[in-house]
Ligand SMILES: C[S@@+](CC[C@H](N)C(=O)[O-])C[C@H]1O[C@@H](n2cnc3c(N)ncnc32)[C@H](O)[C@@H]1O
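Single chain ahead, written as structure tokens, the form predicted alone.
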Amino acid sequence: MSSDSVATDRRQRLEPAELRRQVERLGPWFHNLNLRGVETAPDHPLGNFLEQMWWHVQQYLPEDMTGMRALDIGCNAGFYSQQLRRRGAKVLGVDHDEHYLTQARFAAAVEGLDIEFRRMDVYELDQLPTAFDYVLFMGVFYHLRHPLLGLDKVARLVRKRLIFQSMIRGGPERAAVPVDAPITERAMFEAPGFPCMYFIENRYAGDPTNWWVPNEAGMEAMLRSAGMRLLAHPFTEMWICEPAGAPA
């Protein structure tokens, strides 16, 4: 038995009081996970947002993902990685923050789930040797200083579907944008629904990593520009996509 297997087996047998101590030791948690009855962030200011988000996501995934590869970008403590693994997928969760990855490895071990977690930046994803059937790219885009570069790298890894979510601001309108326009054209840039992103120089919601926040039209334009075909738009912040080269 490998050392990882031994660690997993030992953690599965943790008494509730010891499990609670370990959870507190690894805090603070952004993901509220229920680890055998112990919640990691029971007083989360966003409430039960993970379950609410998963309700939308799971409708666009096969119930049985056995033999499929899934990538969870910005996995944090691994809530979505765990859900994907429970459906049978071989899962890689990546994050740039080692604190979150330590939480994710611990939580997966407690649940007895075989998931690979790796420290990676979005801009390093093109170093991965293979593509993935399903890619989750949620809650990351607006934290990128170079968002379109990151999106291009992510899009190249998608075989079947990309589950994408970003903070969105501005109205829901979509302006009719010409394929080309003369340099003298100015009015279209002022039209409601023209594709755009808002740049945050300092902080938004107290977070200095909130860099770019698109409107809906801008986000859809960038997804198409990265080679994605838009299949569904479950709510304001989420899109379900597939490679544009795939059969419609």
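It should be emphasised that the depicted structure is a prediction, and the values quoted were computed from it without experimental measurement. Heads up: residue numbers just count along the shown sequence, starting at 1.
One more form of this protein should be noted, the form predicted in complex with this ligand, which is absent from this view; the next part is about it.
- Message: Please determine whether residue 56 contacts this ligand in the predicted complex, using a 4.5 Å cut-off between heavy atoms.
- Response: No, residue 56 stays farther than 4.5 Å from this ligand in the predicted complex.
- Task: Classify residue 140 as contacting or not contacting this ligand in the predicted complex by the rule of any non-hydrogen atom within 4.5 angstroms, answering yes or no.
- Result: The answer is yes: residue 140 has a heavy atom within 4.5 Å of this ligand.
- Query: With the partner left out of view, is residue 113 within 4.5 angstroms of this ligand in the predicted complex by any non-hydrogen atom?
  - Reply: Close contact is absent here: in the predicted complex, residue 113 is far from this ligand, nothing within 4.5 Å, heavy atoms only.
- Task: Mark residue 144 yes when one of its heavy atoms lies within 4.5 Å of a heavy atom of this ligand in the predicted complex, and no otherwise.
- Result: Contact check for residue 144: yes, within 4.5 Å of this ligand in the predicted complex.
- Tell me, which of 89, 163, 122, 107 has a heavy atom within 4.5 angstroms of this ligand in the predicted complex? By the 4.5 Å criterion, the partner-contacting residue is 122.
- Quick one: of 217, 50, 213, 68, which gets a non-hydrogen atom within 4.5 angstroms of this ligand in the predicted complex? By the 4.5 Å criterion, the partner-contacting residue is 50.
- Task: Answer yes or no: in the predicted complex, does this ligand come within 4.5 Å of a heavy atom in every one of 31, 74 and 95?
- Result: Yes: 31, 74 and 95 each sit within 4.5 Å of this ligand in the predicted complex.
- Message: Counting any heavy atom within 4.5 Å as contact, can you tell me which stretch out of 96-104, 152-160, 168-176, 127-135 lines this ligand in the predicted complex?
- Response: Selected range: 96-104.
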